[in-house]
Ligand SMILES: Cc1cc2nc3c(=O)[nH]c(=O)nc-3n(C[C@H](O)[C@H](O)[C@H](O)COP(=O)(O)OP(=O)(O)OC[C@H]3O[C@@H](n4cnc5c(N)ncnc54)[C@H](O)[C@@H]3O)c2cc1C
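Okay, so here's just one chain, in structure tokens, the form predicted alone.
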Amino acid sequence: MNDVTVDPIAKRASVGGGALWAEIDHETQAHGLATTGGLVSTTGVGGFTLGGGLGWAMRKYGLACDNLIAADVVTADARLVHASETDNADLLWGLRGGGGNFGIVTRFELALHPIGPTIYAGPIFYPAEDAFDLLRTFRDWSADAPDEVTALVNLTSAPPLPPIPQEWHGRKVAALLAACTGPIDEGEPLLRTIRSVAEPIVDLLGPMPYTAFQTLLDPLWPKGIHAYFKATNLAQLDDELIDRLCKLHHAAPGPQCEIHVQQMGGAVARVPEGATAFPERSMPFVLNAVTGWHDPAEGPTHQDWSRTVISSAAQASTGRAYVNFLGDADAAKTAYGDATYARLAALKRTYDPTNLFRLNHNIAPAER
């Protein structure tokens, strides 16, 4: 279920439905190829791709779902259906962002692109008091940043990892993470403006193996950790919102309470609205409140904080959200919006009229 076969001439990967992104990267990087994948290497290709797929290559090459060429699907009535632009194109449309609502995908065909094996990428950590300036500079820089770079700002606590000075471990910090998919020697000029916003605690941005960057966050998300995400798409990132996010950062109840501001645009925005089930593409940023904890008793406090972060951005929100960043089971209709949800519900009626596949961000079948 996790086999990966690469055709380096056609630049295509045939991927089993149970594969993880580490397994895809291992095979594709042997040929200097990759596709937009998860930010943690243990992420499954299935849920990530079917929900949309925000990753480090998206501004150059599109979302993971934009790179989904075809899929083999077992439907609710036990049929094996092939979905592509020429076969069951309506199902392919739904698989590109509609989640696991229409069947079990046993095989993905993904487009590949020349990336790596070394790219210009990495994190930079700044003191928390520089978070406001970092976010404001990030906002302004993002407006005309080239497609070859994808970046995010993370308001977090410094993880206890060796490159970070020990006296900073556990303290509030602001991190910039970026990846450049173009030539390595073009990476530094692209990020020069934003990386010089303040004196860093540690600057790890530079040439590194693509696979190393893809696994960079793995130690923070071990098996068994409790997690809750909540997100919203931002129409704007004004100074007032930045100030609120900085204050909520300091009020975070645990070391793995993080506020991510993810840069969008580029190739993501050039796909026409409605061309896929991914519900919105024009937003300049996605705001994601991430929480992780080990003691089950801490869950309610972490979840409340995450919800507060997102509610603080209500006036700046488009009203939509990325479903893969949502921890609440009843969030689908709001996330997709009325028009996309209605089309998904009609497709659900065709492929899963009894709502067999419902333990997800569920799309209920439309009534006849």
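One-based numbering along the sequence shown. Here the structure is a predicted model, which is why all the values come from computation and not from measurement.
What comes next is about the form predicted in complex with the ligand, which is not displayed.
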* Asked: Just one stretch in 27-35, 339-347, 317-325, 300-308 has heavy atoms within 4.5 Å of the ligand in the predicted complex, so which one is it?
  -> 317-325
* Within a 4.5 Å heavy atom cut-off, is Phe108 in contact with the ligand in the predicted complex? -> yes
* **Contact test in the predicted complex: Trp221 vs the ligand, heavy atoms, 4.5 Å** => yes
* To do: Decide whether Asn355 counts as a contact residue for the ligand in the predicted complex under a heavy atom distance cut-off of 4.5 Å.
  => no
* Interface membership of Pro200, the ligand in the predicted complex, 4.5 Å heavy atom rule -> no
* Identify which of Pro279, Gly100, Gly187, Pro123 has a heavy atom within 4.5 Å of the ligand in the predicted complex; exactly one of them does. => Gly100
* Structure fact -> Picking from Ile104, Ala128, Ile164, Ala269, the single residue whose non-hydrogen atoms come within 4.5 angstroms of the ligand in the predicted complex is Ile104
* Since the partner is left out here, which residues of 32-50 would have a heavy atom within 4.5 Å of the ligand in the predicted complex? -> Gly38, Leu39, Val40, Thr43, Gly44, Gly46, Gly47, Phe48, Leu50
